[in-house]
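Consider the single chain below, provided in structure tokens and representing the form predicted alone.
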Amino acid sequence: MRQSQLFFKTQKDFPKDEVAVNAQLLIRGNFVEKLMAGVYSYLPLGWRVRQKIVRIIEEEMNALGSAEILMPALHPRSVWDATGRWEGMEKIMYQFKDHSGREVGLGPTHEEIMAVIGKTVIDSYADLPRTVYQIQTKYRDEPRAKSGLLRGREFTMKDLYSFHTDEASLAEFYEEAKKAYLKVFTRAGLKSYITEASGGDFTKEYSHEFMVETDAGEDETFLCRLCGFAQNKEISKLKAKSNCPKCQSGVIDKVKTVEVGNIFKLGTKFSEPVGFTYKDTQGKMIPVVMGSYGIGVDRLMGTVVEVHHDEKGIVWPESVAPFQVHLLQVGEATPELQQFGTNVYDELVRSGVEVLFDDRTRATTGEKFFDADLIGLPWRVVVSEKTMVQDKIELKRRNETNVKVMKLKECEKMFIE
């Protein structure tokens, strides 16, 4: 992509009303634009990051044998009344009347809708177990929408639902879901901890959250780094600096964390109220046992920025970076240099490398280097009059200071390994 053609303009100053690092850098770098508190537009670079994250999630959910669907965001009150959650969720659910006087709401989650849909597909034990997931917009009237993408009022969530004959079947899939979630977060460049937590409004059982340690976190987690045992402060009776109850050797630390995913054993809480049952081998109608599994796509993106940045800007992991290489053409834009830059760009693209080519003729060298550091692509390639006469390029990793001068062919090998 040529930067001169990109819908793009960085900001020199920090947004005055943002204190979260992810919001400051994503807005300055023109990845997102804030419309109002908790509501953001995704601009070209941000959209590419989002799509990379979505692709990772889809690949891991598909590997679980789950099929992707899409459910509506607009829900009638009647579906939520069946479980009693219309009134129970009124503090965070956008609820209103349409022009006909019907009471409707914007979905903050989809357990009720999924149970109703499940009734149309699952009839007997032979239909179980099954899993489906969606990646869809959710709406929650957060009283304090803050921390950039970490807490929004309109956001994207991957929510997966599993259906089972009994608790044993649910427990088996639940463990597989844990492994899949760890893979998602690892691939996105994050170290996550499976954390015991309250079931909240979903279940009386303990649930599990996937926590990432960062000073930007709103949660507090008691964590043993030696074995990975972790409990949310809300349920924990542990104390900082005590011995870990799991491994006995590690020491418990109290750390700030961000929740990037959660999984719940729902049991029959949502199936029983709507008559979502299956016929067992004896012909008896049994309530379907359900599980629910969520990942916040926007929150995951914001957490990556909170973990991977420095004083100059974002440092994207290669797996989710909008482009792999930032190609900068610096110095006087002579016809010869422009042609050399174009040749380097075309060759990299032909080799299958994702390249953002800063071919802007009105931007100074300083502005280009500033933008490159702020945007934070994994690799920076520079072409100039100096490198052109040598038929070489300058290569540097975003998170390193060492600059190498080399032939383009040598450089390409590093990108396509």
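Note that the coordinates shown come from a computational prediction; the quantities given were computed from them, not determined experimentally. In this text, residue numbers run from 1 along the sequence as written.
Keep in mind that the form predicted in complex with adenosine-5'-triphosphate is missing from the display, and what follows is about it.
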For the chain seen here without its partner, which of 314 to 322, 118 to 126, 73 to 81, 142 to 150 has a heavy atom within 4.5 Å of adenosine-5'-triphosphate in the predicted bound form?
-> 142 to 150
Within 4.5 Å of adenosine-5'-triphosphate in the predicted bound form, heavy atoms considered, which of 133, 270, 264, 222?
-> 264
Option touching adenosine-5'-triphosphate, based on a heavy atom within 4.5 Å in the predicted bound form, out of 107, 341, 291, 296 | 296
Residue 252: heavy atom within 4.5 Å of adenosine-5'-triphosphate in the predicted bound form?
-> no
Although adenosine-5'-triphosphate is absent from this view, report whether residue 177 comes within 4.5 Å of it in the predicted bound form, heavy atoms only.
-> no
Answer yes if any heavy atom of residue 307 is within 4.5 Å of a heavy atom of adenosine-5'-triphosphate in the predicted bound form; otherwise answer no.
-> no
With the partner left out of view, is residue 157 within 4.5 angstroms of adenosine-5'-triphosphate in the predicted bound form by any non-hydrogen atom?
-> yes
